[in-house]
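Two forms, one protein chain; structure tokens for each follow separately as structure 1 and structure 2.
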Structure 1
């Protein structure tokens, strides 16, 4: 963003301050690019350059918010929009608690995770990486995938003080799916990063080449419903721990008695002692977030400490509503590693039968109070006997509880990996979790299995 836009926003903030309006103004600019692959071709190649301005106005126990995506070019236009939101807040209904304005704790200017080369990555780089994968792994397979990259720049001010926060970062999320055109099984490879060069063809080529012989030479295995020892891979752990913590450790969910921890208290032992989960903005495996929604400088917080319920995360409005203190949330979920070997096959070599499920497709929650989730295996899932991969497994459904999955832990990898959890609904908002590369769990409920992959 240019200095002119910055000064337009701060000037509008000052005008609002002078009028006694309680407002926050958040500028969000994204430069997004996405290459989509389908049937060994680039099926879509997109660029979006979008600027949004979010305005929130609070009047006593009333509030209003507005987002403008389009052209705002002058201080007067921006200030008029603030006035409109202020009018809207005035016509809103009183709440039984006072909404809180974001108070930016200190001036922030950070672009530690910004890389100009990634921001301006030529789409031909992506096309070349995919081409190299197709050529090296074999052009007879069907490939699809997507590769999103770009930059997000935010600038925030509020009328609470004269501070401002500017943050710019780049991120990329790469995925490639290999499907056998007749046998129909699918393998997947994921990569993530903040700099150009973080994604390479070699990583995916090696991943595919290492698992392909098992798939090529063995028939699919139908898993009878029942309880199994299961090794979850990082994608599955990332999604599961996110859901477990969001439902169980968000102050709002706990106060509303919505989630699986509703009848638990801080200090209770709720998961296996090997499970520790933090909100950690200092991890180098997540995308940085300098400020919490309440404007605090983000700091490391512990939600689950060696299986013990250690803390809840409060956003500013939940804190106000329930008379609690807002916490400096970064939304940077980190699950600590264990002491298992880096290769999960080594960890399961004395076990007769284990299912390896690297990712869970379409997870949902039939019962939040009991922490019941359901989802099915998809990419690269295999049956393992005595530490040897035996065969790929057909699409199998897990329906179980968070307390079992993170309670019946037998071993956790000593290595962690960054799992990119960003989506591209709405605005660009990179997010990632840091999780162990695998986790071995006892007594996981498999409740259904298809006769296909």
Structure 2
């Protein structure tokens, strides 16, 4: 983003300010590249650079919004757009609360997580990593996957004051799936990071090779419906903790009594004492966010403290609607590790039977107010007996409650890892959670099992 564009945005802000218009201007620029793999070859290799300028104008209980796609050519062009949004606000219906204008607490300029090499990563590098995986693990398998990488740059101002916030970072989300052409079982590997060298072929090669003998040489195991001891891997924990916290600790969900904590109060014991979850923008395993949507400098907040309901997160408009104070939300979830060994097999060596489920596929919410979720094992799941991997398991469905999963914890890994939770189908908005590498849980409900992978 050049200084001319910044100057045009701040000048348009000042012009709106002089007119008494309550407005915010948010510039969002992304440089994105996506490579997809299918049938052991590159099936998609695409790049795009997009600029969006989001404008919001507030008039009492009325609000108007508009997104301008593309760069701006002049201050007048941008200011005229603000005037049109102001006109739109004046003709909109009144809301049942007074929307709040973002007030940027301090000037911010940060690019601590920006890496130029990743921003300009040559697609041939991605192809070479995938090719190395195919050749080293075995070209008789079918491979698929995707690798998204790029940068996100934002610049925000409002008419509430003269402050501005500029933030730039890079991110990447890598996945590779290995599928047997006849037996149809699938293994999966995920990687993420903020720098060009964070994703390597070696990591995925080692992961696949460590579990391939089990899948190649052992028959699949059909899990009878019932309650089991289960070890969840980091991908499963990442998705689950995200749903658990955002549904249980979001102020709007709690106020509307829609989430699983609707009948709970701050201080209540809701999960196992070993579970602590923070909204922590200082963690090096998440993608940082310097400002909350209300314009506050983000700060670490505790949401689950040793199993206790510790805090609710309020965005600016939810806070206004319900008469609460906005919180400095970062959206950077960090689940604290435990004291378990790095290898989960060591933790379960005295247990007769355990299911290891590294990821939960197509997770959904049949009942949000009760915290009931469902999803299947699909990738790389195995049966473990006395600390030894015995066989792969057929696709098994978990249907359980957040309170049971995070309430029946037996052990948690002492190591943590970053799990990328970004959505690659909309505008680039990097998201990640920091979670333990594994978690052992008692009495997990397996409600169905297929007779195949």
Partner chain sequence: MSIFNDLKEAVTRNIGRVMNAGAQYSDARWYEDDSSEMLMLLDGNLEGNDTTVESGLGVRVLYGGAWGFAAISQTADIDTCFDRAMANAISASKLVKVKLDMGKKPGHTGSYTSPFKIDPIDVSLSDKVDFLKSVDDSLTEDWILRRMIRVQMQRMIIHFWSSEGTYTQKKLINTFAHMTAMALDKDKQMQRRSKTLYCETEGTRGWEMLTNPALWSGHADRVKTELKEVLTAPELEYGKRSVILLPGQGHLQVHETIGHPLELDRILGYELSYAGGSFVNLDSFGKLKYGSDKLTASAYGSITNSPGSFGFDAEGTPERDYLLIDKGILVNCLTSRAMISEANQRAGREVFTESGGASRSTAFYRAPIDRMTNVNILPGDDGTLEDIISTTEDGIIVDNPTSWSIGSNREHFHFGCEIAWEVKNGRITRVLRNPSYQGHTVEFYNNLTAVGDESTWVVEQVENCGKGEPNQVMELGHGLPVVKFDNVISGERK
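Note that this is a predicted model, so its numbers are computed, not measured. Residues that one form lacks are left out of the comparison. Residue numbers count along the first chain shown, from 1. Here the rigid core means the biggest group of C-alpha atoms that line up within 1.5 Å when the two forms are laid on top of each other.
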- Message: Deciding between structure 1 and structure 2, tell me which is the form predicted on its own.
- Response: 2
- Query: Relative to the superposed rigid core, which consecutive-residue segments of length 3 or more display CA displacements of 2 Å or more between the two structures?
  - Reply: 70-72
